[in-house]
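Below you'll find only one chain, the form predicted alone, shown as structure tokens.
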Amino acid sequence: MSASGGNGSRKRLSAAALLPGLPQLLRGQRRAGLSLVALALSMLAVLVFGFDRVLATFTVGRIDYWVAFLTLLAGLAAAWWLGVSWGRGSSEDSAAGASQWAIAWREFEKNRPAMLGLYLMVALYLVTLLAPYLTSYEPSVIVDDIMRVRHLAPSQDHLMGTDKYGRDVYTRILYGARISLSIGFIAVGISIALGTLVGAVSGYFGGVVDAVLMRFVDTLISFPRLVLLITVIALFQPSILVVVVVLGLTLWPSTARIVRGEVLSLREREFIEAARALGLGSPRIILRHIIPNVLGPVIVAATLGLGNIILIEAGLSFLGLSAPPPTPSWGNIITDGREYLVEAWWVSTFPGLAIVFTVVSFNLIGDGLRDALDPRLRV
């Protein structure tokens, strides 16, 4: 039996060394195999076609080049490691023996639109992190001969054309994705953490604490969100830090309401009563027993909130209240091209499409997670 297992391991290592994903394809795991093949081939393509820019990492010394270099190494290592280890164990684990997260992942995999959104999101982040290796242009450098290179149509030299300053639109979209996605993730992290804490405290203690916190939440929700954001940001010098903090501190009330509703039912469960009987303090019960059991709705809210925050940030950039020029973000790229929609449609169209695909991807993932984490929707 051990000899057979050793032969299987050697065959798997040989197949994975030849091409990551090949062992999975041979076992009939098409989705896993094709995913690993696509990851390995894309990383190898970046290494081969951008080899001169990869080498420039050691001479340029910029942080974005080092981030791209580490991403490339991590992608190659992950492809080969997963090619050997993915699916090595038994795939027939029963629902009784599997964790709730493993069951949720199996349900998520069955949702094709959600998996499509996940693939698009992974591809988007890889492209964003590898941006210095995918373009030979700089996002904010304005050439001397602007009249010769401004508003060039999409071509082999400029895949998405150039803007009114002769800057490559494709390059600015790649680097602008860093701003939009980073703001989205950090702001969501702040709002989810704050909303989860407030909702858990409000639902667990109830009474006066619940009344005070929920009335404060109602007050924040009653303000028009965009007007509130514009007012707060206008009081400070527009910057990425200000946008992140303001978005994070103004978008948490909806999460707090979701968490409060879940906690109101959880606090009467037997395991919470048992924790109280054992003499555990309220902070420990909330952090160790309440919050872990509301992570499902919180994760769904975070995923759906990412797309919403990206749209809000794009709107703020369009109004000139986000990343200051010449820092690229999808919103201010659209602003640069709004006066030239007829003669240079590509300047605003391509970043607009990037926003659409990104928001749709996060919404598909959020819908898939909502279905996968809800036991009532499982068949």
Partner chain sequence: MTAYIFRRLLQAIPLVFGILTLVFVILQVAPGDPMAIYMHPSVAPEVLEQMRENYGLDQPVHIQYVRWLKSFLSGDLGTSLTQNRPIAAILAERIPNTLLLSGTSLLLIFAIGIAIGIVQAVRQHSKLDHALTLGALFIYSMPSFWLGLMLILILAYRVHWVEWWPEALKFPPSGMDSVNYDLLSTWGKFTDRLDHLVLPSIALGVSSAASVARYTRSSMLEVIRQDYIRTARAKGLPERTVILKHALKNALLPIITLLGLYLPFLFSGAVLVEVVFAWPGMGRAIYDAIQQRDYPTVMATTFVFAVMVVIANLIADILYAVVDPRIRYERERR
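Positions refer to the first chain, counted from 1. Computed from a predicted model, the values in this text were never measured in an experiment.
One more form of this protein should be noted, the form predicted in complex with the partner chain, which is absent from this view; the next part is about it.
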Open item on the list: Since only the chain is shown here, I'm wondering whether residue 105 would be in contact with the partner chain in the model of the complex (any heavy atom pair within 4.5 Å).
Closed with: no
Open item on the list: Against the partner chain in the model of the complex, would residue 359 count as a contact residue? Criterion: heavy atoms within 4.5 Å.
Closed with: yes
Task: the partner chain contact in the model of the complex: residue 348, any heavy atom under 4.5 Å - done: yes
TODO: Answer yes if any heavy atom of residue 224 is within 4.5 Å of a heavy atom of the partner chain in the model of the complex; otherwise answer no.
DONE: yes
- [ ] Report the residue, out of 74, 235, 212, 153, that has at least one non-hydrogen atom within 4.5 angstroms of the partner chain in the model of the complex.
- [x] 235
TODO: Only one of 84, 159, 228, 249 comes within 4.5 Å of the partner chain in the model of the complex by heavy atoms, so just point that one out.
DONE: 228
Task: Non-hydrogen atom within 4.5 Å of the partner chain in the model of the complex for each of 216, 352 and 367 - done: yes
TODO: From the candidate stretches 33-41, 52-60, 65-73, 331-339, select the single one in contact with the partner chain in the model of the complex, where contact means a heavy atom within 4.5 Å.
DONE: 331-339
Open item on the list: Need the contact residues for 282-312: heavy atom within 4.5 Å of the partner chain in the model of the complex, sequence order, or none if there are none.
Closed with: 311
